[in-house]
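First comes one chain, alone, set out as structure tokens in the form predicted alone.
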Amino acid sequence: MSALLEVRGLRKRFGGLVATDDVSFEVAQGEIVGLIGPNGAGKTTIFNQLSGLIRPDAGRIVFDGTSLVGMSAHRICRSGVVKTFQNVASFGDMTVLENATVGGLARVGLAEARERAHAAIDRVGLAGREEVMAAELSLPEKARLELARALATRPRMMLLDEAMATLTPQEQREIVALVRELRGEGITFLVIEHHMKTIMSMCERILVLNFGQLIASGTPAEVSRDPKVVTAYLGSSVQEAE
């Protein structure tokens, strides 16, 4: 498969901290790829560079043949790359429909954005909750709303940053099933997730970061047995991840 996303030599420094250090990888159309590593390894920094929230100091980010480096977050979203947030960022004083419509407005006018929002809400299992205030939703519903808002942009690639952090194992399985269905509809996924059993079961391929460097890449079985990964991150939990 040809690469939909190509990252080469990505570097970002914050003062004396090197957050991403010469990171290179590819994601093919239709893949679900996991990005794991200890806290502070640089995972969210990579997502923020891919989505235009911060600009890399060096390196290339190419999505479907177009360079994203220096492009605004809004333009990157319009190009088809959308990021969900680790801390669910819904507008509590707005309804579910209004929140999802905000996503659609990133790419189209109000009327079409509302149509996209309705479709996205239905797709993530929130049909019938359109007029509920976001602040009144349960944590699992807020996680689904975050996905709905991203879906309303009609993305080609979704960057999921800890989308399942607050969910029970059963709720995680439901989101995994939804992600797989969406992949079947043409969306490619790059996923940050700390729940090892979940991400190992969801993804065909895993990238492992440590201290800003990519230390391993391979299938879940391969990375879970890599001595560098076990030492840096998985430790004694490796058997649980398989």
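If you're wondering where the values come from, they're calculated on a predicted model, not measured in any experiment. In this text, residue numbers run from 1 along the sequence as written.
From this point on, the text means the form predicted in complex with a small molecule, which you will not see here.
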Exercise for the section: Sort through E115, E171, E130, E162 and report the residue having a heavy atom within 4.5 Å of the small molecule in the model of the complex. Expected result: E162
Practice task
State the residue from R205, H194, R60, R183 whose non-hydrogen atoms include one within 4.5 Å of the small molecule in the model of the complex.
Solution key: H194
Practice task
Decide whether A221 counts as a contact residue for the small molecule in the model of the complex under a heavy atom distance cut-off of 4.5 Å.
Solution key: no
Practice task
Answer with yes or no whether A41 is in contact with the small molecule in the model of the complex, where contact means some heavy atom within 4.5 Å.
Solution key: yes
Exercise for the section: Would you check, heavy atoms only and a 4.5 Å threshold, whether T198 touches the small molecule in the model of the complex? Expected result: no
Exercise for the section: Would you please decide whether A19 lies within 4.5 angstroms of the small molecule in the model of the complex, comparing each non-hydrogen atom pair? Expected result: yes
Exercise for the section: Would you mind picking out the stretch of 174-182, 32-40, 66-74, 213-221 that comes within 4.5 angstroms of the small molecule in the model of the complex, counting non-hydrogen atoms? Expected result: 32-40
